[in-house]
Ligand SMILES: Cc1cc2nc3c(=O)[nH]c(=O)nc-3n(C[C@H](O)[C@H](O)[C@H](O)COP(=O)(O)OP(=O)(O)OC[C@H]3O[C@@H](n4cnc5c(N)ncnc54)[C@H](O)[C@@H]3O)c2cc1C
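A single chain, nothing else alongside it, follows as structure tokens in the form predicted alone.
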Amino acid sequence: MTDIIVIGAGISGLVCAQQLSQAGYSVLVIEKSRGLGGRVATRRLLEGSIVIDHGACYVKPKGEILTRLIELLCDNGVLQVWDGTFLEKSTSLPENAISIPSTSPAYIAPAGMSSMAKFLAKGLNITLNQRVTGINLTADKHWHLTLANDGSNNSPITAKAVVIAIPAPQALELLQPLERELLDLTFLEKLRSLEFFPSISVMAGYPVTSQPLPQWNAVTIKDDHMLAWIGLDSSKRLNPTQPVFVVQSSANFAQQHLETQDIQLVGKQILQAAADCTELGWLASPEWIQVHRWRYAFPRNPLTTSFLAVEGDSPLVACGDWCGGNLIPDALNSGIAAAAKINTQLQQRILPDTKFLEILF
């Protein structure tokens, strides 16, 4: 038995868990993946010598909590400004004109963007590589969760309250069997209404002799049927061993090819498009390539509320960046709001609120 189980170790789940843990509740975070952060994702290749951000590639200050988090992480050497040139290219502009947008600074983590999640996970009880396969309510009004780490060897765990901090369609799949018995229709209808844009991320490494290297760090592409963003990921590293690029597809292209069996071939098509777009022909011929499907990359129609909650004696709250839609800033806000809701249904303890960041240092 634990007080609260948080399903999902993305930004929203970690922040919620910190709020409740710092208030004195016993909290267990369960994550199906082998790493933290959700879409704030970093992949490490060749025994860690190559670090690649294939999810959120940078962060910009937006909102009080995220701005303070960035400040603290910069002060402690986790984040730094991503110096360089950033371009925007639109197929709707005359002759594909390139312009430099005037925006706030972008911040990156030289050790990988998942460093943000590792910071937010400090002191938490987290179980990785465990998937929640079922949830139901016991006779004494406690939540009973069934886990599986490999599709077998199921083991149960029980909690007084549950926070579901995963994409809404995954939350719906988990909770739908409870529709008639436990959950009100409004809760599930709102989960059903949420849709997501997909994305395909292509990671590619090139020979150190590749020339010419771009004079920019990243290019945002507007109105293209295949491409959305091209980034020189190795420009974020202290001593890169080779040029490494991350190319992210458009939502429409990802929707068309998300279920394609040969995803490597799709990745090569994306790299060819990137080579044509940037006039860097060698981008189409990498030394190595990895491709990642993001089925729930960006909320298409986010909620205007900070969380969804089941009212009653057995607290259950769902949260995430799909509550608001502004990815990291709304994930932070949603996690804090979800913790406050759970707390009101349990022992109404004093939560750290926005002060939880300082407590971590």
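Note that this is a predicted model, so its numbers are computed, not measured. Residues carry their position along the shown sequence, with the first being 1.
The following text describes the form predicted in complex with the named molecule, which does not appear among the structures shown.
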- Item | Listed residue that, although the named molecule is not shown, lies within 4.5 Å of it in the predicted complex (heavy atoms), from L303, I50, A56, I336 | A56
- Query: With the named molecule left out of view, which of S115, T278, Q130, S235 would have a heavy atom within 4.5 Å of it in the predicted complex?
  - Reply: Q130
- Message: Taking any heavy atom pair closer than or equal to 4.5 Å as contact, tell me whether G205 reaches the named molecule in the predicted complex.
- Response: no
- P167, heavy atom within 4.5 angstroms of the named molecule in the predicted complex: yes
- Query: Looking at the partner-bound form in the predicted complex, is G324 within 4.5 Å of the named molecule by any heavy atom?
  - Reply: no
- Message: Check I342 for me: does it contact the named molecule in the predicted complex (non-hydrogen atoms, 4.5 angstroms)?
- Response: no
- Using a 4.5 Å cut-off on heavy atoms, which residues of 1-37 contact the named molecule in the predicted complex? I7, G8, A9, G10, I11, S12, G13, I30, E31, K32, S33, G37
